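Single chain ahead, by itself, as structure tokens, in the form predicted alone.
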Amino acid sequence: MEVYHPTAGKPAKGSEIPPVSYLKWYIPRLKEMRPHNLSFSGLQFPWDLDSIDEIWKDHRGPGIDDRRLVSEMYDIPVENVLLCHGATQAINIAISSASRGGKVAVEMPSYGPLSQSARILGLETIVVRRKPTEAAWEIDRDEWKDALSQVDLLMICPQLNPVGWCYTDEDRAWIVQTCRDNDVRIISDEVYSGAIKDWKPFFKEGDNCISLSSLTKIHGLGQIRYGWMIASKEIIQNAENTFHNMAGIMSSPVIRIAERLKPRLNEPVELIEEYRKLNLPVLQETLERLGINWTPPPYGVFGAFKVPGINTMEMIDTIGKEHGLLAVPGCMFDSGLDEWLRVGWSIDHESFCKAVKVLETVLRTAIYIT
């Protein structure tokens, strides 16, 4: 049976490099332009950029620092910031700059690059998991304690993909303290944190913690590939050396577009809250009619629920395709999630209502067949 979820293990080179099966599955289906699309993991924001003066001109000059936008966003010195081409590149740079050559604990469920990149960079990985409860997904502290005693890096995504839940306060505090006790550095992928009011980035937990993010998921600007990492000055210096070796310098058009939109970056966050208020009740009522129990995460742009007895990938590739529906099966993120389905609500209300009506038809058909 073909495996779609990310994999852990020994360093991987050449033909051993694991694929991002999610993208291999998703991109062809996205190109089908199915009319009812609930697959988005980020906000679909209606940016209208018009034209930007001198966008191709070199933005660099005396007194100009590329990192200013991010440093002001977090109220930190520019020396604690590295800009890069999206959060995926930030993952690789953070691993390269923070690793001391030991094993890496990778959190599952996971988006493939977060948990697999360390293997491509020559490091062995071992898995730690969050597991579902009636609401939040929580950690097994015995499992995590054993793993954290064997590694020097931990890769996490606090707003867990595909379910959207963050750590409980108690789990977060335990993770931070246990990593500190074991001299483990934490790399935290926080691309969804912009939708959480009063979010405390992990880098504020200490010099062993690194935060990564971008303008892709919450601000709907994935096309410009503007990302960053925040860490101690020592790690940022390592990261800068890595970036110069791997990518050279940031693109001037990217910097100019980001600076142009800086005064408007609050607009997508406000739209996310509007979409949640309008769209979530529609989804909850639909699932209740189907007898599917689900508690939505208290923030963010997507969530996932279990459809007992249904292989959701087969459902989306057959019944879903027949009805023009696209959503993301849980098997793309971890083993044991074959019956889970991720749904995004980051689209306009009218389109969402139409798509959820189709989703109900697809689910009813699948459940009836089963």
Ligand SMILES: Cc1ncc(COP(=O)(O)O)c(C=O)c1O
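One rule holds for the numbers: they count along the sequence shown, beginning at 1. Not measured: the values here are computed from a predicted model.
The next section is about a form of this same protein that is not shown, the form predicted in complex with the ligand.
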| property | result |
| --- | --- |
| Complete contact of Ala87, Ser214 and Lys217 with the ligand in the model of the complex (any heavy atom, 4.5 Å) | yes |
| Answer option from Phe202, Trp165, Tyr192, Phe243, heavy atom within 4.5 Å of the ligand in the model of the complex | Tyr192 |
| Asn208, Gln116, Asn161, Ser97 - the one with a heavy atom within 4.5 Å of the ligand in the model of the complex | Asn161 |
| Touches the ligand in the model of the complex: Cys157 (any heavy atom, 4.5 Å) | yes |
| The ligand contact at Arg225 in the model of the complex, heavy atom, 4.5 Å | yes |
| In the model of the complex, Ser41 touching the ligand (heavy atom, 4.5 Å) | yes |
| The ligand in the model of the complex: contacting segment from 79-87, 126-134, 271-279, 139-147, heavy atom within 4.5 Å | 79-87 |
